[in-house]
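So this first bit is one chain, no partners, the form predicted on its own, shown in structure tokens.
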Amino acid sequence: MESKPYAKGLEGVIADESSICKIDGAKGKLYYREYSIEELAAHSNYEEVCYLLLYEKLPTLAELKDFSQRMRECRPLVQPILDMIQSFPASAHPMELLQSSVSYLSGYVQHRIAHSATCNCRNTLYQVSQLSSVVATYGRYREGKKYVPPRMDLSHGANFLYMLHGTEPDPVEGEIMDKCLLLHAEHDFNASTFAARVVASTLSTCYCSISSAIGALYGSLHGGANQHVVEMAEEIGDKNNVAPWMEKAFAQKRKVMGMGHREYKAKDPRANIIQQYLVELSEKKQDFRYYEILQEVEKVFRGKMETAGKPIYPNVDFYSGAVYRLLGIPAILFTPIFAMGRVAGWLAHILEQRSDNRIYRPESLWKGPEPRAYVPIEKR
């Protein structure tokens, strides 16, 4: 019998066609719907990128105005959701809260087409809007503060900072937060996106599909690297400590977080952009500690790897955590913020999956023993 191809972790396996995102790993390029991430970061905002991902084109002024209004009207949380967030165990991670709250949110919004189990989720934008409201509210509750209702006149990123801190953010900081969400909005068939598509392929709801994606993102091999990068920088403490810290890390075979990416063989284009945001914020706040340490880590680590013939570059997580810290965001919220941005891409993939659906049913390679007879329990 002819053997079938086998790839551990489905590496290199083409599972489907997609027109949402293109990654050119060799050149370090990323495109959403054929638009480069550099152009989108320079000229667009998170709400417009959500529209682009969901509707496959850039909106007109009137279309964006209508879309933004609908998206912003979905921001407030009803009391049962607030009660759930407040009663969530303090010892639990907010990604577990986020995964649970998505399913809970589903029961409090009208998102199904009449007389059908199918979601009308391109037009009901609660799942995109309310994730940020949940994360901001959790951030306040864990510090003993009250819920701050959203503002309808602020961008998605600026409103998140407002709901988290309770004061209107500086315009520059609000824009940087919004751009960071834009940069995280989509990244092809990564683990969390594929999880969303697998669940969507069963014709489950978008809420269940997004909940599964959040569960995948919570895994230490997928989300959370930016939190570990900040912890690494704080452990190092000063740029002059980088070289000895790196020697010790190599001797102990410790992973240097935020360096390297499975898709990119050049520097992650999102890392280049977020690095500039870190420079801007560092200058604004006159606090260069994170930037100086991370610059030195990148220099020393890349030098060592290039000497070994294995060039490795920073990914998007390398600088993003430091940006969030300068925006006054606690590290425990970094991975939930990743989900806040990525939910737009997840939803776009769910819609694309439904448009030409076939349920995922891969096969496994049998490695067990030959068939054997059942032995009655008294004879074992």
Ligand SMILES: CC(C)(COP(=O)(O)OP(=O)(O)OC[C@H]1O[C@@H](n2cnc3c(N)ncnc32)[C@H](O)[C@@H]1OP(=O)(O)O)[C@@H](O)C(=O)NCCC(=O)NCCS
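None of these values were measured; they are calculated from a predicted model. Counting begins at 1, following the sequence as shown.
The same protein also has a form predicted together with the named molecule, omitted here; what follows describes it.
**Student:** Ok, P269, G174, G139, G260: which has a heavy atom sitting within 4.5 Å of the named molecule in the model of the complex?
**Tutor:** By the 4.5 Å heavy-atom cutoff, the listed residue in contact is G260.
**Student:** Of L82, V279, M305, A243, which one comes within 4.5 Å of the named molecule in the model of the complex, counting heavy atoms only?
**Tutor:** The residue from L82, V279, M305, A243 that makes the contact is M305.
**Student:** Within 4.5 Å of the named molecule in the model of the complex, do S220, F301 and D317 each have at least one heavy atom?
**Tutor:** Result yes, every residue of the spot touches the named molecule.
**Student:** Which of these stretches, 322-330, 307-315, 351-359, 42-50, has heavy atoms within 4.5 Å of the named molecule in the model of the complex?
**Tutor:** The contacting stretch here is 307-315.
**Student:** Does R254 make contact with the named molecule in the model of the complex, using a 4.5 Å heavy atom cut-off?
**Tutor:** Looking in the model of the complex, residue contacts with the named molecule include R254, since a heavy atom lies within 4.5 Å.
**Student:** Classify A216 as contacting or not contacting the named molecule in the model of the complex by the rule of any non-hydrogen atom within 4.5 angstroms, answering yes or no.
**Tutor:** Heavy-atom contact with the named molecule at 4.5 Å: absent for A216.
**Student:** I'd like to know if A225 sits close to the named molecule in the model of the complex, meaning any non-hydrogen atom pair within 4.5 angstroms.
**Tutor:** Yes - in the model of the complex, heavy atoms of A225 and the named molecule come within 4.5 Å of each other.
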